[in-house]
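Just the one chain here, the form predicted alone, laid out as structure tokens.
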């Protein structure tokens, strides 16, 4: 930590450090100083912050700005940087997009909701909202009445933008993403292969993909803005509407963030129950991945296999939680109710049943020569690219990037169970498929270790009727079926969060589609998208 501080102070003498016990280095910088520090953060041998964990837009009151969370996979250290724009009327900050590829999408998101322009960004368009949207919704002074409901079918141009060129001065209007003579096809927003309401504009040369432009926001619901007017228990319901296949895990992250901020100790029984539900969620999500992945490639029989076996987990969920897809079981302090009397019996039966069926899965699809030809060597993602795009979860581990939060930053009782972090090396569609299939076996192992050890006791700690977090910034992340899901809370000591930011694993996944698909055939785009396993509500929020 002292080395990091000394290097930053040498480059940026006016840097202001905030000392927090057992926390990453936190520093406040001016925009000019941040620009000087960007390259050393990534390239200095003593720093090597190769992973941009998150980029949180903030309305600080008088000024707008960003909180950056950076991580070094080489040295296993973190830094949190706060940077405020000089002007609230025309806020500007330097871009990070030339250093970390994922900053391209993260900065577009901040521009969309806060209006901060990033100097040098190659494509400063809105990412989620319509191009004619008035104002920036996550600013505290935003007026919702400035955007009346539009019921007309007016078609808005998708190829215009106003952004600042790399010289930091030139304003370019009417930027054209595609040339006039390019052949562009639209996939989505209503298309089975987009796995949700997602729109790809695909430029083609014959069958070969030249470029994919992603259009998000078709089901954006302003969840983070809604949370600012909700009490902390009320915000829990929002997590179920993000990645609905990881509803247990998403809610676990928000509960854990609030509990850590309160200094609350969760009962051991509740911790066991949470991990059991998380791993069952991981299995049912990977089974759905198997089913839809096979269907996208034209194999209908495995589709029914996957759904048949996923139903067994949903039945187990329904007994205890009352829900099948949407789960509202985790609460602040533990879980909402105790396990159903048949939970252990049914779960053990499922754990004994599934391994035999997985062999059949591999016989009918994994070893199929057509599947091998359509997945091996397709959509190659290197480890370095995964880092630059902020990819986590099975997609990153298929590129030999060890990033499992359960292993590298254990939470709940994950440090007490034995399991293997599944890693593959090729980073293609086949490896992304195999990681998920192998992770099913690891999750079965975790569940088997815990079933006979569930302790007696309370399933939820007592909480006050009104929950107020102390002033400060709090962050917690968990490993969902698609990668690291994080929760950032800025508290001003009230019963409502001043800022609540969800860090979704699926936005980085969709940001890399253009890189993976370019140079491949359009049929490969379907395979690539299916192998990434993104869930659109998690992207849009």
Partner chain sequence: MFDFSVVTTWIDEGLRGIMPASGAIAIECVLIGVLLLAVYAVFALVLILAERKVCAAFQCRLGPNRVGPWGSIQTVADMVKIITKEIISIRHVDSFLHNLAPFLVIIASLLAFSCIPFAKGLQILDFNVGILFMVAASSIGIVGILLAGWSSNNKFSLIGAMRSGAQMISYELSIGLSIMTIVVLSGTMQISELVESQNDLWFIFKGHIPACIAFVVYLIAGTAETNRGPFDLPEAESELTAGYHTEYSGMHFGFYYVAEFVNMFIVAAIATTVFLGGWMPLHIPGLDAFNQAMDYIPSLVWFLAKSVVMVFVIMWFKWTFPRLRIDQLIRLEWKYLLPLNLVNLIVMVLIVALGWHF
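Residue numbers count along the first chain shown, from 1. Since the model is a prediction, treat every value here as computed from it, not as a measurement.
There is another form of this protein, the form predicted in complex with the partner chain, and it is not shown here; the text below is about that form.
- Contact with the partner chain in the predicted bound form, judged by any heavy atom within 4.5 Å, is made by just one of 401, 102, 335, 297: 297.
- This chain lacks the partner; the member of 450, 187, 467, 423 within 4.5 angstroms of the partner chain in the predicted bound form by a non-hydrogen atom is 187.
- Picking from 301-309, 382-390, 348-356, 87-95 the stretch near the partner chain in the predicted bound form, with a 4.5 Å limit on heavy atoms, gives 301-309.
- The candidate site formed by 262, 265 and 443 is entirely out of contact with the partner chain in the predicted bound form, as no residue has a non-hydrogen atom within 4.5 angstroms of it.
- Residue 523 belongs to the set of residues with a heavy atom inside 4.5 Å of the partner chain in the predicted bound form.
- Using a 4.5 Å cutoff between non-hydrogen atoms, residue 192 counts as a contact of the partner chain in the predicted bound form.
- In the predicted bound form, at least one heavy atom of residue 371 sits within 4.5 Å of the partner chain.
- For the chain shown alone, residue 290 is not a contact residue for the partner chain in the predicted bound form, no non-hydrogen atom being within 4.5 angstroms.
- Contacts to the partner chain in the predicted bound form (heavy atom within 4.5 Å) from stretch 194-218: 204, 207.
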